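In the block that follows, a single chain appears as structure tokens, in the form predicted alone.
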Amino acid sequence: MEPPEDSKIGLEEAEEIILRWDSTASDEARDKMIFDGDRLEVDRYLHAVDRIQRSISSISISDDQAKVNSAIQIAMARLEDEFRNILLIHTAPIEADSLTDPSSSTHSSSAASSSGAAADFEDDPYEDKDDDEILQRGDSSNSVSYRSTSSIREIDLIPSDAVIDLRSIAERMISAGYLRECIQVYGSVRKSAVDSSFRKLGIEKLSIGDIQRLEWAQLETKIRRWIRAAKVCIRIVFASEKKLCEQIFEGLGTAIDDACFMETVKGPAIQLFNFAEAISISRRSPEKLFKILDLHDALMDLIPDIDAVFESKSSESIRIQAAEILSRLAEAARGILSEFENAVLREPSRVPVPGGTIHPLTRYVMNYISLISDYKQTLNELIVSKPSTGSRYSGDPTTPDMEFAEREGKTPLALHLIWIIVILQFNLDGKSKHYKDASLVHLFMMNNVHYIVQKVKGSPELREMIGDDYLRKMTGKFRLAATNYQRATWVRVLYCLRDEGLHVSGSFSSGVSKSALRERFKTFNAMFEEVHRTQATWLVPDSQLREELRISISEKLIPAYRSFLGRFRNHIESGKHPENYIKYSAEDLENAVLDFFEGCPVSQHLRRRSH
């Protein structure tokens, strides 16, 4: 509170007032604070300081000059203590409900019982909340104002009457040449408040080296927490500190409010951004891509707020750091995608998966690019160049071909996703060669390409980017593999059911060689039993595809066997031990086909029905 203009006070009286409150001279002065007591005494003291300051230019006698200078020093020491005390009294961590969404009863109740520990911001319920919701709310207990971005919410950190007192002290300290002391006191007290808010938000003091030494699983949790905390730090904590600096110091000198603001938040801001910087320069690996994109998106979203809060020349380094981290995160994402493509192409495993089922690489890659498609908005902005691919003219047998002319109109990101699928199939084709059974080679490719097709169909975003033309091409590929499997397995089995080689010409018999016929039945039985025993252990994990394949086998096998049986049954049954040759009915075979592709061993002998 400013003293009344009409108050008159002499120089000696002013000196007496200042000396009376010299904390080095008496216990009473040391134990009591002026601004905690009577407002009239506050007014008298401030006016005494003003009177002393005005007298400096008019005093010519050296003894008087020395007395005035001594009084000024005592007064400034006292005002510094008062300034610190007011700040300390009114400095407390931002209340928990100011850092959460009051529209959520869960948040309100947890905030009410909160003790201010870091756990306040570590619980999963925050995970699903929109941080912009949290930051854009109103608060009946705080005065809220908005700057250039609607997401910034400034809280009054100190009551207005205390702000007036702080400003009145700062004005006198600065005019007396004690600007540095004023800034130091202000910065030390307010920085401790910011540090307290950081602890409440779960922001740890970790160096870049500390962060890079952590396991990725730990970092994933910390990234989620950092994203939530960073939004609160920039939009509430730092923005509110900036407002307080302006309330106290604006207009008292050139950019003094900016200087106090940076004294308070520069250290915490560097601590905050060091985490994102450490992630941006960490060793690249595929599993990091999505958290890096989360971090990139969060920081991109915060850039307008960072520019608004750190708008001054003195805080330019913070803006530059944030922009550089954003750029490095973008480059890291591009680099990881390129390295992922190379890893898929070069994945070295040579041990065939049992039963020709879906290879773990196929599942991993397709799940990975499905997640990539979820980030298409960001990645379409970051991925601006086509993949480095082989060409049918390159002659490089270690790299598949892909001609971009066939993919006109596709975004660079879509081309990268198609390229990943191309190289995945190229790698799988190489892995299929490790199966010794040609039928299993085709079954393996059928399973894996079918899985790729189903994953693309199951993701609208991925399907849109891959396109129906390429999807049809892959569908044709797995159907061809299914056809090739059937040829490799069943052509030789069905060959046993032909008529050729069974008829005897120029004979008085029936014209059928019984010995050849018996041998033919024995061969068919042995071959079918071997296929049944083997292929029951093979696996087609997709139930619809498995059923379609069984139906296709039955449609070829059962009519052929039933016809063969109808033509030649009598020739066998009229002889000795027909059961040794006609071992199965058509229904037995039909039931046996149901055992195929379940991935389970079956008994040595087929289930037989009575004939």
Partner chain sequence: MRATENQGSFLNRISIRRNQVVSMDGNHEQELEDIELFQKHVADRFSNLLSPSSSSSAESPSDSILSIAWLRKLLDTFLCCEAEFKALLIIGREPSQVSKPPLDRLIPELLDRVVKALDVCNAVTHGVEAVRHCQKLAEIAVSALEQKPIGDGQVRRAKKALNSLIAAVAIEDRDGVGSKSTERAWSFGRRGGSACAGSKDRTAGQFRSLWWGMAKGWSAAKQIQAMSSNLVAPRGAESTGLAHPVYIMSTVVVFVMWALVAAIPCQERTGLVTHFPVPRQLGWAQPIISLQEKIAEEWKKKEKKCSAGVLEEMQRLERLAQSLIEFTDSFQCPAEAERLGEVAAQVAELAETCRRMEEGLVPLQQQIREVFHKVVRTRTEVLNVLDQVGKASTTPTI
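Numbering follows the first chain given and starts at 1. Note that this is a predicted model, so its numbers are computed, not measured.
This next part talks about the form predicted together with its partner chain, which is not shown.
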Assert contact residue (its partner chain, in the predicted bound form, non-hydrogen atom within 4.5 Å, options L480, M527, I281, A488) equals I281
So which of L88, A516, L494, V163 reaches within 4.5 angstroms of its partner chain in the predicted bound form, heavy atom to heavy atom?
L88
Looking at heavy atoms inside 4.5 Å, which stretch does its partner chain contact in the predicted bound form, given the options 340-348, 247-255, 480-488, 227-235?
340-348
Considering non-hydrogen atoms and a 4.5 Å limit, does its partner chain approach E579 in the predicted bound form?
no
Given that the partner is absent here, does M33 sit within 4.5 Å of its partner chain in the predicted bound form, heavy atoms only?
yes
Please tell me whether any heavy atom belonging to M300 falls inside 4.5 Å of a heavy atom of its partner chain, as the geometry stands in the predicted bound form.
no
Can you tell me whether G177 touches its partner chain? I mean in the predicted bound form, with a 4.5 angstroms heavy atom cut-off.
yes
Taking R319, K455 and D595 together, does each of them reach its partner chain in the predicted bound form with some heavy atom inside 4.5 Å?
no
